[in-house]
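Below sits a lone chain in structure tokens, taken as the form predicted on its own.
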């Protein structure tokens, strides 16, 4: 059933662990995507950089070999899955755009297997064990939406989820759902002291995007302890993938440490009702926001 028939569709998130074997990760992700489709998912989103362990914990030029082209190995596999199961799929990949030019990207494939387009991660972090600026050029396609067979969606990626500007601009382009493929976790030495607050902040900021924009938000994280650098502490990925509605109500949430499929229904009538009663988009003072494009306002 398509959106046009009843104004509803089902989205699915995959919460997975990644092994050092990129081919095994691809096969597993395809298998879990097919399983999600059989359980009723019509749009499926994978975690950030699903095909490998989180390699950005160190700077190593040999790791650029993990990148793939678009079209390429991942898109070919998931185009077949999309066609066979009549689903749309969001595939986050380490994109090799050209020699020496790489991005952290998400490819949107529609039901039937057509590539609708690419989103390239806009906000690139550079923190201990998250050395992404070494690997990824900032996104240059802007904040985008994609009209799938089931509904109009936007996808941002991980660090993007902390920025209300990205959520707003994607929503203003008509997205009904904001998908956030993610790879976020705890530094082991910080977990006991800061872990609870860190994870709650992550959930809160994304729920706030749902409320402020009157959209559904769906965040797909990975799980597991990954320590690719022996002399470093590694990262404990906290899972906890979730889907919330336009009031920020959590409809489905995963555990911290299990591979899971999350499903939730998107209801366009619910979006309409919430936006009528909480008309944040109507009451925006678009005449007064000139400063938002500046780094900082010195007065």
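From a predicted model like this one, the values you see are computed outputs, not experimental measurements. Residue numbers count along the first chain shown, from 1.
Heads up, the form predicted in complex with a further copy of the same chain isn't pictured, but that's what we're talking about next.
Q: Should residue 201 be classed as touching a further copy of the same chain in the predicted complex when contacts are defined as heavy atoms within 4.5 Å?
A: Taking the distances in the predicted complex, the answer for residue 201 is yes, it comes within 4.5 Å of a further copy of the same chain.
Q: I'd like to know if residue 173 sits close to a further copy of the same chain in the predicted complex, meaning any non-hydrogen atom pair within 4.5 angstroms.
A: The answer is yes: residue 173 has a heavy atom within 4.5 Å of a further copy of the same chain.
Q: Although the partner isn't part of this model, could you tell me whether residue 163 comes within 4.5 Å of a further copy of the same chain in the predicted complex, counting any heavy atom of the residue?
A: Yes.
Q: Do residue 112 and a further copy of the same chain come within 4.5 Å of each other in the predicted complex, heavy atoms counted?
A: Taking the distances in the predicted complex, the answer for residue 112 is no, it never comes within 4.5 Å of a further copy of the same chain.
Q: Which of 81 to 89, 209 to 217, 94 to 102, 225 to 233 has heavy atoms within 4.5 Å of a further copy of the same chain in the predicted complex?
A: After filtering at 4.5 Å, what remains is 209 to 217.
Q: Within 4.5 Å of a further copy of the same chain in the predicted complex, do 127, 169 and 281 each have at least one heavy atom?
A: Judged in the predicted complex, 127, 169 and 281 all sit within 4.5 Å of a further copy of the same chain.
Q: Go through 265 to 299 residue by residue and record those having a heavy atom within 4.5 Å of a further copy of the same chain in the predicted complex; state none if no residue qualifies.
A: Those in contact are 277, 278, 279, 280, 281, 282, 283, 284, 285, 286, 288, 289, 290, 291, 292, 293, 294, 295, 296, 297, 299.
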